[in-house]
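A single chain comes next, written as structure tokens; it is the form predicted alone.
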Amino acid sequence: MNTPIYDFLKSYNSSGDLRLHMPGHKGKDQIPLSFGLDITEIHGADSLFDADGIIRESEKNAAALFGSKATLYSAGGSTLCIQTMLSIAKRDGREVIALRSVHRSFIAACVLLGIEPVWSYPRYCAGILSGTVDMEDLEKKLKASHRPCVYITSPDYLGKMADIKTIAQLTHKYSGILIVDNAHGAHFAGTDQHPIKQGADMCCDSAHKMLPCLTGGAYLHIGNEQFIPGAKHEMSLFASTSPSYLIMMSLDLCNDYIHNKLPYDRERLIPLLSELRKKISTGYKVYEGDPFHLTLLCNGLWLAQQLRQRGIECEYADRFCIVLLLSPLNDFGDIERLENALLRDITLPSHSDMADELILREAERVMTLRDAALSPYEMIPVEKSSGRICAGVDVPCPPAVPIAVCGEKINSHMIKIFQRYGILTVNVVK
């Protein structure tokens, strides 16, 4: 029998392509892997959701590195952490105020938990994928909420960073709690830029996105002690009862990397990335944000194909931008190779000026998230969806930012955005 997945992975691994996409290890062997290391909860191996041995010790190491009150391991990525954080917030009786540029995993968690978020629309900077928090709108919604919980994503998919410290202060002013989806920010470990250090009550880090960790490895950090009791229980409601020991081992080894190598690698690489940005900004429109997210506003699909022909694979591309995702594991040779491709080998693409039609506007909600998502549905062409109720958030991942949310009535403006992003069908309630 053929083995198509294994064959592709083996071929890609031997190709020598420059991986400007997650995971953060970039294919550079950091972790000893073998079937012999893959076990279950045998005597002495501890148990993730009842940890009192080696897993608990490793999680304490992670908490010390990130400066959290407690850190929990996830073998189910940041998705599991998001489910857990929202479950904690719901049990605490909180109303969730969320920035509208959320990942679809947030929507799915709300469906599972029966949460109806209050949306705060960002001030968009680069289509629907990125923007800044509208502080006036956020404060207005905080004032109107009895027990608020603010949920934001930072860095967002294009690398834009939110002012988490100011948002945390504003949220706490109204007796709220702040949850941060920091899935793309694990490389801020040990710095003042990490959400926990800036006042977040809880946040998640996808270790595998930016650090040497197997895909699925993530940290759930708790900065507010009141949410530590029961957190493991909340996580166990959504997680597999057989969490991967290989993923947990990679988180354990990631701790060692953070402690011994990450500060040096950041200090070494960030100046090189800053210099690269200066050089290519003469021909490319470079988006401002996290230094490891090199986002260019241009015809990303065209540029991605040009880079692919030169053995460089991007993280994401559409008609308006391309995301070249680096990590502290990249080196001078990687940056030089990318610089040569962008400035010497490729004719500069045209800049992309995103029109107002790519900015989401407040939508009419006619069903709850849960009711719409769990209703019978049908898939129809986008152009025929006007007036229908969105039943699912089947947008591609990446970038996984929903255009219409379950329960919202699809309008002509949404249809234009679907079409501009090349999405041709949508699931609607029957």
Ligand SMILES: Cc1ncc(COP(=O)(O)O)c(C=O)c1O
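Since we're looking at a predicted model, the values are computed, not measured. Residue positions are given as counts along the sequence shown, with the first one as 1.
There is another form of this protein, the form predicted together with this ligand, and it is not shown here; the text below is about that form.
J.: Is there a heavy atom of His194 no more than 4.5 Å from a heavy atom of this ligand in the predicted bound form?
T.: Judged by the heavy-atom cut-off of 4.5 Å, His194 is well away from this ligand in the predicted bound form.
J.: Gly76: heavy atom within 4.5 Å of this ligand in the predicted bound form?
T.: Gly76 belongs to the contact set for this ligand.
J.: At the 4.5 Å heavy atom threshold, is Lys160 in contact with this ligand in the predicted bound form?
T.: The answer is no: Lys160 has no heavy atom within 4.5 Å of this ligand.
J.: With a 4.5 Å heavy atom cut-off, would you call Asp181 a contact of this ligand in the predicted bound form?
T.: Because a heavy atom of Asp181 falls inside 4.5 Å of this ligand in the predicted bound form, the answer is yes.
J.: Only one of Ser145, Ser236, Ser87, Ser105 comes within 4.5 Å of this ligand in the predicted bound form by heavy atoms, so just point that one out.
T.: That would be Ser105.
J.: Pick from Val150, Cys213, Ala189, Ile82: which residue has any heavy atom within 4.5 angstroms of this ligand in the predicted bound form?
T.: Only one option qualifies, and that one is Ile82.
J.: What stretch, of 200 to 208, 237 to 245, 259 to 267, 116 to 124, brings heavy atoms to within 4.5 Å of this ligand in the predicted bound form?
T.: Checking each option against the 4.5 Å cut-off leaves 200 to 208.
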